[in-house]
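Given next, in structure tokens, is a single chain: the form predicted alone.
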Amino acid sequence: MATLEQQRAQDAWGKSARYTEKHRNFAKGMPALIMNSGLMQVLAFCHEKEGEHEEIARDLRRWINRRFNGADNDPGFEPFMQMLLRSEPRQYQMITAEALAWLKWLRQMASARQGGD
């Protein structure tokens, strides 16, 4: 059975296969945005920007949904934000930590697939 780190890596590897250089560049900066502004603000920003921003946010929502609800689908922007708005502080912190852990893998896998640094 794969460890949680292996599962994150496998998921990030699969999702980054279709990413372009724009995806890679945004994925690199997304953890810093979350640490500076918070998860919900960054997801709202991604939704507003659309394109590769929303695509990465969709992949992140899908991973979080899989980890915490066992469902391998994207719940959608509004239902996911409602879930975050209603979550207890401890749960919100756990979701944010999971998002950062998954994004750590995503930025590395996207760079590896693009041949970047």
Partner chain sequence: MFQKHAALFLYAVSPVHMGAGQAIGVIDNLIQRERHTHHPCFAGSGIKGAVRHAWEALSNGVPEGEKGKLKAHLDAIFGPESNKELHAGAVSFGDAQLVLFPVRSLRGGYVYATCPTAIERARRLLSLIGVNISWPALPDIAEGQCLIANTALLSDKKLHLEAFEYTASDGNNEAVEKIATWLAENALPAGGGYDYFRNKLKSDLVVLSNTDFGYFSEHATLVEPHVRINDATGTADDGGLFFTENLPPESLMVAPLLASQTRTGKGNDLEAEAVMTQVCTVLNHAKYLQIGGDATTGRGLVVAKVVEG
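Residue numbers count along the first chain shown, from 1. Not measured: the values here are computed from a predicted model.
Keep in mind that the form predicted in complex with the partner chain is not shown, yet the notes after this line are about it.
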query: In the predicted complex, segment of 24 to 32, 75 to 83, 59 to 67, 43 to 51 with a heavy atom within 4.5 Å of the partner chain; finding: 24 to 32
query: Site check 93, 97 and 108: each within 4.5 Å of the partner chain in the predicted complex by heavy atom; finding: yes
query: Partner contact for residue 18 in the predicted complex: the partner chain, 4.5 angstroms, heavy atom; finding: no
query: Heavy atom within 4.5 Å of the partner chain in the predicted complex - qualifying residues of 61 to 88; finding: none
